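One chain comes next, on its own, written as structure tokens: the form predicted alone.
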Amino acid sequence: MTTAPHRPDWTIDQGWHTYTAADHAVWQTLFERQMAMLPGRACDEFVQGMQALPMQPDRIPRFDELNEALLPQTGWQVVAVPGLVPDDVFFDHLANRRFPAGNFIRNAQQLDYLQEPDVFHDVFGHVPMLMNPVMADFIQAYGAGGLRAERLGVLPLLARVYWYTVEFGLVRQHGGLRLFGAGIASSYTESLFCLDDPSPNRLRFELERVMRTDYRIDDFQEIYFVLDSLDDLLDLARVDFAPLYQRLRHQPSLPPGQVLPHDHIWHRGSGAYHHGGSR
């Protein structure tokens, strides 16, 4: 469990000089593996963001150097936190264009899966998309909306929107599907699974459907939702969620493997992985 730091906003110094050679080596292994695999899989906006950032393969990035590129482009900055932070703290940071990133990195035995987001997930997975004005505005709007949803007691409904876009979203590009979610982009195995494996369902993104759909936190996703364009996120940022909360708060949630009659299906999954496999 993450220990609360002294600052009320949970921020800490990145402590870049405390990273060991082994820490940098883990970053290099993860970075080089993803960069070799993502071309043709990651959306154009992710690739463009990565090219514009001072990320090097052989060392964990310094947050102050990232901010020199981020701030002029979209007004965002990365702030270091010790791990997961309380929801209200997280939303307040996002609403003010501060992205809280864990300052620790996984060890060499955890390359393919780590439950708590580390510096590789947060920086490699999220920060390139923050260079894109559409995603930058959407995540800020999500932060403001998260504070409201928390007060109304409907946070799970809104959290699913974040999960199925910012973390595990797919988008149509170049006649096929490309990934943009950070949970995918930072994971070698899920980057392959989400686009290539016949098991998961891939459905067109429909807001109310997404808000009712549960998700997996400890395994590959059983379902991925596909945006027609990243610009669709701007429409989501302008939605009045109040009537949706009123309509959906007492409806039962949907299991992540379920396909409904009205779903627009890009690919109906076999379900084989989740019926008999494990990560």
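Note that residue numbering begins at 1 and tracks the sequence as displayed. These numbers come from a predicted model, not from an experiment.
Below: the form predicted in complex with a small molecule, not depicted.
Notebook entry, point to check: Quick one: does Val161 come within 4.5 Å of the small molecule in the predicted bound form, counting heavy atoms only?
Noted result: Result no; Val161 lies far from the small molecule in the predicted bound form.
Check: Is Glu206 a contact residue for the small molecule in the predicted bound form, using a 4.5 Å heavy atom cut-off?
Finding: Glu206 lies outside the contact set for the small molecule.
Next item on the list: Please check if Val81 has a heavy atom lying within 4.5 Å of any heavy atom of the small molecule in the predicted bound form.
Entry: Heavy-atom contact with the small molecule at 4.5 Å: present for Val81.
Checklist line | Touches the small molecule in the predicted bound form: Pro117 (any heavy atom, 4.5 Å) | finding: Result yes; Pro117 sits at the interface with the small molecule in the predicted bound form.
Next item on the list: Work out which of the listed stretches, 177 to 185, 107 to 115, 84 to 92, 197 to 205, brings a heavy atom within 4.5 angstroms of the small molecule in the predicted bound form.
Entry: Comparing against the small molecule in the predicted bound form, the contact stretch is 84 to 92.
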